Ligand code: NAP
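The chain below stands alone and is given in structure tokens; this is the form predicted on its own.
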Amino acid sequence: MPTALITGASRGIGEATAKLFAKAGWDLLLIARTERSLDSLAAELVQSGITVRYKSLDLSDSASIKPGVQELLAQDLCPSVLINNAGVAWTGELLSMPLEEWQWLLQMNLTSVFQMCAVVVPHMREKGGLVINVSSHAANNAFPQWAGYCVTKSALSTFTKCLAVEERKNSIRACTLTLGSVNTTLWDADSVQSNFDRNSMLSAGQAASALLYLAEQPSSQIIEDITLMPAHGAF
């Protein structure tokens, strides 16, 4: 069976993706902050007859990522697909943003992705693999109050392109899923203030379907990016 490693797996897009991949017969390696949520999700997923391994990790803690991921990979599954889904947002005036919030946003949306790839990709090189980074249309647009988020997602898109070029010789492909607004718990976070119509947003299931589509592409080709937007044009 193919195996996918998913970050931010216990809720939102990550949870929907784990459930859809399990239904499609994928074995799973899951990372999220809350062990209780991972326990519950894994118990549900194994009912599909797949193998699930998981690790509780806070990706905002840079020092914990390498040893935590190494511990997960030391178990009996090696991912053929890495989905860097975990991410956060912060809203407010750019130059009023506290430094610690800026650094937290960079760590979660960019640096943790670099760290995940640095640990996981070497394990994938022998048989080849795919890295999918979940990005946002904020990578290509400037939105007032969302500048920090825009910067991190723009950098993530460039990181993905550079990774793809460097790892091509190792049979590693890299791509992005670029999303418009998705109705997840991100909008409930204390760091986000918005009044967008969540009923007009994409669902987590729609994002998960796009991720499965990317993951199931043959190794002889690469879809460099899929951009999925709500039909109503919601942010």
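Worth saying up front: this structure is predicted, and the values here are computed from it rather than measured. All residue numbers are counted from 1 along the displayed sequence.
As for the form predicted together with this ligand, it is not shown, yet the points below apply to it.
The single contact residue among 40, 185, 199, 47, judged by any heavy atom lying within 4.5 Å of this ligand in the model of the complex, is 185. Between the options 171, 209, 34, 70, the residue in contact with this ligand in the model of the complex by a heavy atom within 4.5 angstroms is 34. Figure note: of the listed segments 91-99, 123-131, 74-82, 148-156, the one touching this ligand in the model of the complex, with heavy atoms no more than 4.5 Å away, is 148-156. Taking the partner from elsewhere, no residue among 5, 62 and 115 has a non-hydrogen atom within 4.5 angstroms of this ligand in the model of the complex. Among heavy atoms of residue 13, some come within 4.5 Å of this ligand in the model of the complex. Contact annotation for residue 52: none of its heavy atoms lies within 4.5 Å of this ligand in the model of the complex.
Using a 4.5 Å cutoff between non-hydrogen atoms, residue 179 counts as a contact of this ligand in the model of the complex. Residue 108 belongs to the set of residues with a heavy atom inside 4.5 Å of this ligand in the model of the complex.
Residues of 114-144 that come within 4.5 Å of this ligand in the model of the complex, judged by any heavy atom, are 134, 135, 136 in sequence order.
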